[in-house]
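Single chain ahead, written as structure tokens, the form predicted on its own.
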Amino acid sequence: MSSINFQVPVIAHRGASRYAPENTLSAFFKAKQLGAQWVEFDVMLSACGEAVVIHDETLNRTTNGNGIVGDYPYSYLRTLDAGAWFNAKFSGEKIPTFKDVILCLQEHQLAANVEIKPLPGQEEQTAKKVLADIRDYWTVDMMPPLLSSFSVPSLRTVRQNSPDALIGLLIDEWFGGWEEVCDQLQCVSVHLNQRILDENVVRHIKAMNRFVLSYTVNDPHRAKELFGWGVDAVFSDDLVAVLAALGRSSF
């Protein structure tokens, strides 16, 4: 199994998204402050081909903009406010580029699960841009990124262009042949919606010699149950509560 280290087995989902606006530099910095070792975030493409970190395909929920992310160049996206919706004290927070986030990870010594989130028809293009930015900005002293996606075509593009990439398959609902997909992609991990998990599933995936990660787990009691089944790490919005359930204090 890969040498990935989940010593702190709670991954900050879109950063410390209960305490700062999701998928922003403030959220990643706050995750570090709260004791996270890992953060998770989403990458898609702007109209100009820049890789940007945002979850929704539309701007409406997390910025003061409207419309589809991929319809606008980054020269426009960077003018939007991505923090005031969460709390006025975050007014002026920007939609970061993937490059911005890589530099933030390096500064704060954070590991990352990068979810490739292609807009329709951009599965190959998005994966290739993510790999290009990793090649250009990810430094050898950083823990290699764990690249995940619901898009099997995106993950196939990753594997074809990066034989050593660490790949995780995201599964929200079971589909036939998922084990074969894991084998073909040489996945190191399987990332599962907690709703479809039980102890036998965890045991099966561990027998496949893969890490089991589960999302999005904000209930401390549920987190303890999942860890008891052998889940390696959970994605959580509430680092403080879930770390406390493990007997760990946030900083």
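These numbers were taken from a predicted model, which means no experiment stands behind them. In case it trips you up, residue 1 is the first one in the sequence shown, and so on.
Beyond the structure shown, there is the form predicted together with SN-glycerol-3-phosphate, which is absent from this document and is the topic of what follows.
Peer 1: Quick one: find which of 66 to 74, 178 to 186, 35 to 43, 195 to 203 has residues within 4.5 Å of SN-glycerol-3-phosphate in the predicted bound form by heavy atom distance.
Peer 2: So the stretch in question is 35 to 43.
Peer 1: Which of these residues, Leu131, Leu170, Leu110, Ile167, gets a heavy atom within 4.5 Å of SN-glycerol-3-phosphate in the predicted bound form?
Peer 2: Flagged contact: Leu170.
Peer 1: Does Phe211 reach SN-glycerol-3-phosphate in the predicted bound form, with heavy atoms at most 4.5 Å apart?
Peer 2: So Phe211 does not count as contacting SN-glycerol-3-phosphate.
Peer 1: Is there a heavy atom of Trp85 no more than 4.5 Å from a heavy atom of SN-glycerol-3-phosphate in the predicted bound form?
Peer 2: Contact with SN-glycerol-3-phosphate, no.
Peer 1: At the 4.5 Å heavy atom threshold, is Phe29 in contact with SN-glycerol-3-phosphate in the predicted bound form?
Peer 2: It does not: once SN-glycerol-3-phosphate is placed as it appears in the predicted bound form, Phe29 has no heavy atom within 4.5 Å of it.
Peer 1: Wondering, does Phe227 line up within 4.5 Å of SN-glycerol-3-phosphate in the predicted bound form on heavy atoms?
Peer 2: Judged by the heavy-atom cut-off of 4.5 Å, Phe227 is well away from SN-glycerol-3-phosphate in the predicted bound form.
Peer 1: For a quick check, can you give me the residues of 120 to 157 that have a heavy atom within 4.5 Å of SN-glycerol-3-phosphate in the predicted bound form?
Peer 2: Stretch hits: a single one, Phe150.
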